[in-house]
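Starting off, we have a lone chain in the form predicted alone, written out as structure tokens.
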């Protein structure tokens, strides 16, 4: 069965990884503005790259240089957005996923009125997208929380942040509802336990008597409540709008058929699905509630919280998929990195330059699993491979490895559609080189478009089309029929 006629092909980015202009137009500090590039640390040592403390934040704020804070500069989409959107249109994009930086509209998160310069910037972006006939898919929270709310409230652990976020979203709906039909609440909402600072503004040294894990679950509950409120608000303010949730799909297989490995894998997969269970079914899964009880984690809630969650369920499920992993109870099993996780290495798969295991069939399994569980439309909003590209003297980049990666994943998507999965669209991560989320590198390149900038910010920022640019253009033009 071919891809649906109205299938949405495109690409995905985040404001904090592309926009730059971190101190321009009245923008305030965000959590990503203090994320550092650490050249002396192995790129596979994820924990070392994301470690943060109150002292580290203060040190970063005292340093106005962006050399080791690459997300402050991004790829300067702020000044290049027309050029970049034109390139996306040339590829034939039907949809472009981007985020609205909270701190560009509300610099500290607590202002009574939004920043006019920030409002105007996104207005211009959406107008240009409308002119180019590219549908926006907007993420409301994508690792861009106001730093002020982290330092003042320890991020989402404080219930007061709910109302501040809802005010930000209300502003977005009122200002951009005429341009935007498709919305997402929290990017990779499950990431709160893997990178609590970036996802929810939680600093370990501000957790007090609570341990960091307990803070994460409390913050997560507040995000669930906020998501329910925002989803309902979106439907009220923008007729015909669709709100989705967004999950990191961490496909995990048992390392062996030993029952112990199977049980450990089952637990891991149930934990991964927990987040979408809440946002689709409108309630906490009983097994998760029991697990929290056994661990002594008590979530403080208000009487109407669960009604809000129940009445604010999503219209579709979106997810990221990059790799799969295995699980084993064997303490000596070799582990390898993935999307902000460590998993047991699968000997049947190859790995990217950063150790992420490439598994196209796992995408088909994920699609079938998610659709069977939720019976709601699915949207793949992140999928891609970070690689070390070589820019030739003539400005070309021969990235056959990237084409091969996408071709194999698209073939598995076709099979899932043929099996009956309702798939709305696909946005690659990322259509243009950007600053990577985990290690804050430019040399970890994802795009169909090369950006001339290195890890320390040196370069012309000139854009160049890779071989994959022309291949993806052909795929979109043929609606997925021509993958040669």
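Bear in mind the structure is a predicted one, so any value in this text is a computation, not a measurement. Numbering follows the first chain given and starts at 1.
Just so you know, the form predicted together with 6-O-phosphono-beta-D-galactopyranose (BGP) exists too; it's not on screen, but the next bit is about it.
Checking 183, 96, 322, 186 for any heavy atom within 4.5 Å of 6-O-phosphono-beta-D-galactopyranose (BGP) in the predicted complex turns up a single hit: 322. Interface residue among 255, 104, 72, 142 relative to 6-O-phosphono-beta-D-galactopyranose (BGP) in the predicted complex, by the heavy atom within 4.5 Å criterion: 142.
Although 6-O-phosphono-beta-D-galactopyranose (BGP) is omitted here, in the predicted complex all of 429, 436 and 446 have a heavy atom within 4.5 Å of it. In the predicted complex, 6-O-phosphono-beta-D-galactopyranose (BGP) stays beyond 4.5 Å of every heavy atom belonging to residue 197.
Taking non-hydrogen atoms only, residue 121 never approaches 6-O-phosphono-beta-D-galactopyranose (BGP) to within 4.5 angstroms in the predicted complex.
Looking at residue 339, you'd find a heavy atom of it within 4.5 angstroms of 6-O-phosphono-beta-D-galactopyranose (BGP) in the predicted complex. At the 4.5 Å threshold, heavy atoms of residue 275 stay clear of 6-O-phosphono-beta-D-galactopyranose (BGP) in the predicted complex, well away from it. Here the chain stands alone, but in the predicted complex its contact with 6-O-phosphono-beta-D-galactopyranose (BGP), taken as any heavy atom within 4.5 Å, falls in 438-446 among 455-463, 414-422, 438-446, 23-31. With contact defined as any non-hydrogen atom lying within 4.5 angstroms of 6-O-phosphono-beta-D-galactopyranose (BGP) in the predicted complex, the stretch 71-92 contains no contacting residue.
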